[in-house]
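In the form predicted on its own, a lone chain appears below as structure tokens.
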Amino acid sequence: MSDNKKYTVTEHILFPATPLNLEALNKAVANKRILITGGSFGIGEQVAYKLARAKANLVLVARSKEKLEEVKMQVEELGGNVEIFVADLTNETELDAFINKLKSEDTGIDIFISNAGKSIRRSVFDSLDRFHDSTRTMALNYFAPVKLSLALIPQLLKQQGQIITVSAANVLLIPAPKWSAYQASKVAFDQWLRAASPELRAKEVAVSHVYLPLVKTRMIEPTEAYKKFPAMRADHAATIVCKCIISRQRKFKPWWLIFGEIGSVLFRVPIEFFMKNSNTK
């Protein structure tokens, strides 16, 4: 149910332990209904388990019916209440049906955790006849969370709720080769939500951006190079998301990311030169 892999020394330094106050989490989610997209695997699944221990009321949506049912059983065993919905959020019809279901219910959504995402690593030269790489990443990473946010904002206003987006640290860094479709889609929602945030916060709706490093989920498995990279555990990432529920903080990013952000500005030219001349397979 949880990822028990131990961190290496390097990972301990990069990803310091994040204690979670369960009593504070219980208080933060009491009588609240929480929507998690991509709730059947990875970070979304682990967030569901942590919130289940806090006796939260969960709504999980994902494509995998069998896996959703497994997660539902685990959540209920941990003491949480959960509803599951099987939907492909890239499918306009299924997304609209899910939104209409949420709107038709008497109980609104208090916290929206936008977690579902799709990653593609492919050279632009291998993408010349694959425009659908861009459309499908945009569909899940940008259009779906925007449409859900717009639909849920009236409920969130009433509840003085919260939107949490599970984003990526590289959104804040210089763009990397072979990630054009993925990074464009992640940046798109990040910018949309950052632009909307002042209006939402003025109405007491909290917005939290969680900029995560590489996380050990099935999303990174197709990239062979990542098997040797330091990566955060999914349950650790879930703890960070839960702490954002407690604190309603505006953003989380790894302690070391500031150096990457500064470097992306000050050393953009040499970094781009290195990227151009390095083997990025």
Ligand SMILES: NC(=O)c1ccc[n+]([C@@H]2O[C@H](COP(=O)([O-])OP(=O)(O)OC[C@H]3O[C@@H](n4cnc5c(N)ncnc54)[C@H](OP(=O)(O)O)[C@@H]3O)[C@@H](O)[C@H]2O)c1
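Each residue number is its position in the shown sequence, starting from 1. It should be emphasised that the depicted structure is a prediction, and the values quoted were computed from it without experimental measurement.
Unshown form predicted in complex with the named molecule; subsequent notes refer to it.
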Can you tell me which of 75-83, 151-159, 178-186, 96-104 lies within 4.5 Å of the named molecule in the predicted complex, counting heavy atoms only? 178-186
With the partner left out of view, is S208 within 4.5 angstroms of the named molecule in the predicted complex by any non-hydrogen atom? no
Even though the named molecule is not shown here, does S64 get within 4.5 Å of it in the predicted complex, heavy atoms only? yes
Counting only non-hydrogen atoms and a 4.5 angstroms cut-off, does T239 reach the named molecule in the predicted complex? no
When the contact criterion is heavy atoms within 4.5 Å, does Y49 count as touching the named molecule in the predicted complex? no
Within 4.5 Å of the named molecule in the predicted complex: residues from 139-177 (heavy atom criterion): L140, V166, S167, A168
